[in-house]
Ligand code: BGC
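Heads up, the chain below is alone and in the form predicted on its own; it's given as structure tokens.
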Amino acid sequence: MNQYLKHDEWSIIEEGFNPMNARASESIFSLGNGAMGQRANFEERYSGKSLQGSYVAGVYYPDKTRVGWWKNGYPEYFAKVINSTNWIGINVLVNGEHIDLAECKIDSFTRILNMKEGFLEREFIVEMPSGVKVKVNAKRFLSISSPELGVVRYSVTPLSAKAEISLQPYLDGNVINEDSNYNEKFWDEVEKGFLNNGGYLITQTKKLDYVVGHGMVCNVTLDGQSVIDITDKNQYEKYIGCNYNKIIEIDQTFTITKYVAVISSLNCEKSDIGKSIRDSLNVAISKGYNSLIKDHIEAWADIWVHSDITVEGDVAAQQGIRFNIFQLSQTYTGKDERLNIGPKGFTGEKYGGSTYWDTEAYCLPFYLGTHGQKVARQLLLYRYKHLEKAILNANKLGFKDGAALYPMVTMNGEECHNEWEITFEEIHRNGAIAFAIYNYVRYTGDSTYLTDFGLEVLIAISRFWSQRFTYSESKGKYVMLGVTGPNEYENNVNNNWYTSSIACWCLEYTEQVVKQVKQIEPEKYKKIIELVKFNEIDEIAKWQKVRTNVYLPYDEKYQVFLQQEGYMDKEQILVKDLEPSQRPINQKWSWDRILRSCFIKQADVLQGIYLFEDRFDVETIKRNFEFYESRTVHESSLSPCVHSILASKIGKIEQAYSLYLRTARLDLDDYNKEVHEGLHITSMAGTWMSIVEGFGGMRIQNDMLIFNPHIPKGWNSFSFKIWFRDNLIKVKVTHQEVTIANEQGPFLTVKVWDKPFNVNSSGIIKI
């Protein structure tokens, strides 16, 4: 771990500058607003190690696949949400010398991410090589209320002598992606030009022809009074900038406010991008900095009203959960059904910024609970609109008759992941998408989604599963061969328990939905079966035959579900017996050694038990938890939250707390030594689940909210809010009582520890 950040309930605070932490801090202090995002790079020049990153949601590049040995079925490209024009940049010179924190002597340095109000601020004092000391304050935000706008306010104050200060704001499209397969730059210039006190730059991707325009207008003041216009202009390929120079006396403050508009062809006609930039900048200038940040802060206040979780008595835990909620809320807003949630969000390049099964398995519950039905529905529609390509993906692999295999990684529905053991074998992602439909419907009560969209998806997924099983003559059972389960430290295994279990569940659930839609919407049902050429009698008969006769490996000695066939052939070493110097094993061991070991990257069997908890008694859950937890190294960010929830379920509250802290502070404390690559955005939703479903014990059964709460010893209380259908429910848990308030919506019945309680509109009950 690397614990260099100060604990605070509402802020992330870095005191003192250590260049060894620079890239990690760029990830941790990232900003976003759903439409765009940005790593926390410095505005001024920095010659130390850095990963410059500014990203525009939905704009990606099909980077040609690079592998040592091409296999049939490989996708032609890996989709990447690409680094775009650096728009925060301001070169800052003092008597002709650049402020550069890799070169200057630093007297003090503080960086604060204000999560409550959604802005990033730095303040530092440096001594220039010439000996002049200056103080710098830099503050920026990406507007939630006007998501095409970003604003930087940058101030320089000479402390030891008057100095000539040069502020040089710019837009620079000469950017690279660190993970480019062929060291290719992805952008061409379309147009650039100067504006009054600013300029604009329009670029276009070399493939797919996305066009993105950036425009800036600047206001420069001395001690709050406007002083000068542009003193110089400069431009070259994919770059436009301007200079503001002035002699500044000691203790005078020279400030530039840089307003930036970012417009993409995803939301604007290409021919209108230039006009839209100017229009947006005119609005920004007319409103002014104070009004823009006021609107932005109010928008964040609205988000926190229904998404905040409070923890009293544990600042580290409180900071962790708020950090996770903050990053999730600024990554995805649900305003555009074409967008989704990449594993790194807007904080880094790893995983390409594309869509994985993480969205359905982890993120959907968070958005259902905190942002409501409409936002969650957008995530499902994203997959529905990719159904045809999912069918095509399956067809390429030899499946037929409308079977669908959703991609492991995608931007537009096409598979673009090129590690064979994942692309072709980690097919459990199909199950996560089906479960998300089930989860959404039971949570919202919105059965219309099934008739309008869901049933088509479920039929296509079930067709895939029924074809993917193979009948084994020797076992007299249907088997699932050659798969990789959630635990990616096992590849090309047979009969992975989780994959086979969720496949059987999909077949069962689709059959239920077929009957439900047929009964409640017979005309719509008729249209659906005609559209997808569904033979109800024959296909359901096949599904029943398969799912009731599947081989699910089980170990009689330990009385646990076996992760896959042959798992007990491995040497059974426990994680506690691993030397700390060998962790994380994915950075210390060869892949061959990992594959031969019994160690588990992330919840696999326990993932299935978590999803289908109501099918197992507590003793079964406990046996499997104790067996697999002791063998799990948690080197996937998606793992600790599931273990934490199950630990709460079986009464291991202190272990649940330890696992919660690991998931909540995974990035803040850099547990896996990889935060420099970006944050673990999708697994952050698991932190929310650890509190709400773990300590809060929230479940939905028979259209009713159920709570079975427990509280860790070190906490005085915790509280959270849940959107449930038409209600906003607040739950507060202390060591003495549970309080449930119906803050919005009609009369509601909830269960607490299996006892029903009626909560009137605006009512409160204490238990």
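These numbers come from a predicted model, not from an experiment. Residue numbers here begin at 1 and follow the sequence given.
Although it is not shown, the form predicted together with this ligand is what the next lines describe.
Out of the listed residues 366, 497, 326, 356, 356 is the one that sits within 4.5 Å of this ligand in the predicted bound form by at least one heavy atom.
When you look in the predicted bound form, the only residue of 631, 601, 652, 122 with a non-hydrogen atom within 4.5 Å of this ligand is 601. With the partner omitted here, the stretch from 486-494, 233-241, 186-194, 383-391 that lies within 4.5 Å of this ligand by heavy atoms in the predicted bound form is 486-494. Although the partner is absent here, residue 638 sits close enough that one of its heavy atoms falls within 4.5 Å of this ligand in the predicted bound form. Among heavy atoms of residue 682, some come within 4.5 Å of this ligand in the predicted bound form. Contact check for residue 343: a heavy atom falls within 4.5 Å of this ligand in the predicted bound form. Although the partner is absent from this view, residue 659 stays clear of this ligand in the predicted bound form, with no non-hydrogen atom inside 4.5 angstroms.
For the stretch 389-415, the set of residues having any non-hydrogen atom within 4.5 angstroms of this ligand in the predicted bound form comprises only 408.
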